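Take a look at this single chain in structure tokens; it is the form predicted alone.
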């Protein structure tokens, strides 16, 4: 994991609600700033006054019981929730200082900067090569040498090159589940995004494939800012620099992962990580 400055205590206050925050700082500062963010599905509010800054080049884990808002928050960061009827938002989400919910924001450009890996591997029904270079094809890149270079770079970065280099023309659907998920990571990074969003990327994988994905996340940290939603607290403890605990749509505590799991400041965090609820 990336080496950072000593953790600092910095409560974030917004709308009368305080989140305990003592995060590990990245060497390049925050890439994402979330301030007083709220989200509604119709009349039902799912997120309440979420405030946090995501450090560039580090791995941040979102943990909490089912239905607490982890995936909703993650999908708000690349505005995937816009695709759901009746969704409303309030507050700010800034990527490198630019408000992504500004009416003038280019959502397509935003999603190019936010690579996404879903819970279940979702390779396209096309060759391994075409899966990886798909983001470049969308951008209008058709130069074969450029595509081949990008494909190899992304597959090497996803620790899949040696297994796939002689099968690039074969269907991606012929890969194992773990290989398919690494392929999806390669596809997500081929366009060189700023942030990699991962929504429970190991929940459908066996322990061996999960270990490979976790090793990969460690290798990707520093090069990318990684935000991972996970229901597996042991995984969060293994792979992340900072951890955010969410409960009932609120961010309860956010800080250095080691501190969160050993000396949490909020009793609700303590109760969750010790298995008293969730």
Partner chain sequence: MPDSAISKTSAMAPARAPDAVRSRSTSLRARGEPFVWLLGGALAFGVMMIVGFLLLVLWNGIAAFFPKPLAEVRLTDGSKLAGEPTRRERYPVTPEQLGKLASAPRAAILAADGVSGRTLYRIGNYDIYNEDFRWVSDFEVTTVAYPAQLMFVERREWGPLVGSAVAMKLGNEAERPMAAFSAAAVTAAHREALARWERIRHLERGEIGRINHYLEQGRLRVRRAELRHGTASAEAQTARAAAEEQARELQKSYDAFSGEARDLRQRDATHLITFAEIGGKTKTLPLSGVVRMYAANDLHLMDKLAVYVSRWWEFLSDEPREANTEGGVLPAIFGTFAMTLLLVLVVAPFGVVTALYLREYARQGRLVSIVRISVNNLAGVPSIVYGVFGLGFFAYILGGTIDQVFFSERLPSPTFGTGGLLWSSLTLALLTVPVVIVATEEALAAVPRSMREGSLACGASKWQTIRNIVLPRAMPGIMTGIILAMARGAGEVAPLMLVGVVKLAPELPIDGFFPYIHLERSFMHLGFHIFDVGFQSRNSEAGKPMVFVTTVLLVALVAAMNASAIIIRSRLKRKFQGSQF
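Note that the structure is predicted; figures quoted are calculated from it, not measured. Think of the rigid core as the biggest set of C-alphas that the two forms share within 1.5 Å after superposition. Numbering follows the first chain given and starts at 1.
Heads up, the form predicted in complex with the partner chain isn't pictured, but that's what we're talking about next.
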task = Tell me, out of 129, 118, 101, 161, which residue has a non-hydrogen atom within 4.5 angstroms of the partner chain in the model of the complex.
result = 118
message = To verify the annotation, which of these, 205, 80, 168, 92, has a non-hydrogen atom within 4.5 Å of the partner chain in the model of the complex?
response = 80
request  = Answer with yes or no whether residue 180 is in contact with the partner chain in the model of the complex, where contact means some heavy atom within 4.5 Å.
outcome  = yes
key: Heavy atom of residue 175 within 4.5 Å of the partner chain in the model of the complex   = yes
Residue 86: touches the partner chain in the model of the complex, heavy atom cutoff 4.5 angstroms = no
query = residue 145 near the partner chain in the model of the complex, any heavy atom under 4.5 Å?
reply = no
Contact set, 101 to 132 vs the partner chain in the model of the complex - heavy atom within 4.5 angstroms = 108, 111, 112, 114, 116, 118, 122, 123, 124, 125, 126
key: C-alpha of residue 91 moved at least 2 Å between the shown form and the other one on rigid core   = no
inquiry  = For a quick test of reading the superposition: does residue 186 move by 2 Å or more at the CA between the shown form and the other one, rigid core aligned?
reply    = yes
